[in-house]
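Alright, here's a single protein chain in two forms, structure 1 and structure 2, each given by itself as structure tokens.
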Structure 1
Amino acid sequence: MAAQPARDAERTRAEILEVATREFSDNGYAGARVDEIAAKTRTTKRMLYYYFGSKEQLFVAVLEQAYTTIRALEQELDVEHLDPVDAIRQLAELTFDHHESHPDFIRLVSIENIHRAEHIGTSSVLSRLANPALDVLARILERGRAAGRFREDVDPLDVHMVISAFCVFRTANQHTFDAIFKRDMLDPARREHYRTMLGDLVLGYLTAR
């Protein structure tokens, strides 16, 4: 088979982005080293500046890609035909699984929050990615309310927030939680417990008297 072409802009760009994602996620924004990112690539530091302009713009690109990936996956959910209660549980578990399998993303979000979202604040890409899962959620809640199963006064974004809070905390704070309470929230043996617990939690809230 043909060797990969010596020059492939798309591949080079993608590779830089991939390595940068890992480096920023592992070391934080200030802790990540441009030289280190370049070294772990099959290309050079100059290419990084050629394609992305600066360390900061590279970081923005990393964030944009991470969010875009995750939002795309959220779209795949098809819960319209399910019972509202089952739908909520399924949505929660999808988010749960998703967060668990994308620790890099959670770390990037934490890093970006430490920087007060100053990078994505200026990103036009991100602001257009407004959440489709929110619409899905809103429709589920509407059906649940109509069926008299859910409380009347619930805001979809609040429900989304609870699901996120649970999933994000479990991965984002795993290390300090383990250090202090000697409990590894990501131990596979506890995975099902937490997954079920999240559904119980959200549904307990939605169906409370």
Structure 2
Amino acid sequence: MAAQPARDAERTRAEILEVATREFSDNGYAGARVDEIAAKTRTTKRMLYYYFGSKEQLFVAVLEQAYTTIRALEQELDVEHLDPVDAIRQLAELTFDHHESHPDFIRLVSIENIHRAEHIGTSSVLSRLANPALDVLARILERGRAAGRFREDVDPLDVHMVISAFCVFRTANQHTFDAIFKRDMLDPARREHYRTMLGDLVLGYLTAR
């Protein structure tokens, strides 16, 4: 009989996280209201605090879920059976697709940067996600170097930064870029162009001599 309450608790927690993700990404950490989050779920403010302890801990949980999702997708990529060039392109495309389809993630990262990563610094979960993110890249780069395809002096973190920078910029700056240059970077007609461009940019760096 204990399984049902446990499942109910998991559903309630997941529902709170879903609503909180929207509230924090739309209104920022300071602007989001716990009362509003509770009102949009099937629970109470008291139960919200029961599950998460505080507004800050709820925001940390939202960040943890957002980052864990992209790290899990990276880990699922079967890079060992791909040519290193194809593996790099697929990893870049995976990040491109994820960031495009998860604008809440981009906004949450921007909000946390406004707060100088003070919330991420309190999370033991997020501190453990750095190595998985780089391990996938490191394995691809190692195979590429061994095959004579990639240059020897490449830092996996630099490659991660290049991929992230392109994908975050395209979503985070969509509206300002369009207002200034009259080009919507999320225009479906340009999607494959930008997706291919990202892979070309990364591979151009990796194969430059």
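Numbering for residues begins at 1 and runs along the sequence of structure 1. Source: prediction; values computed, not measured. We call the rigid core the largest set of C-alpha positions that still match within 1.5 Å between the two forms.
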(message) Pick the form predicted together with a further copy of the same chain out of these two and give me its number.
(response) 1
(message) I want to check Ala38: does it shift between structure 1 and structure 2 by 2 Å or more at the Cα, with the core superposed?
(response) yes
(message) Once both forms sit on the same rigid core, is the C-alpha displacement of Arg195 at or above 2 Å between structure 1 and structure 2?
(response) no
(request) Superpose on the rigid core, then tell me if the C-alpha of Val168 is displaced by 2 angstroms or more between structure 1 and structure 2. (result) no
(request) Could you check how much the CA of Arg13 shifts between structure 1 and structure 2 after a rigid core fit, in angstrom? (result) 3.0
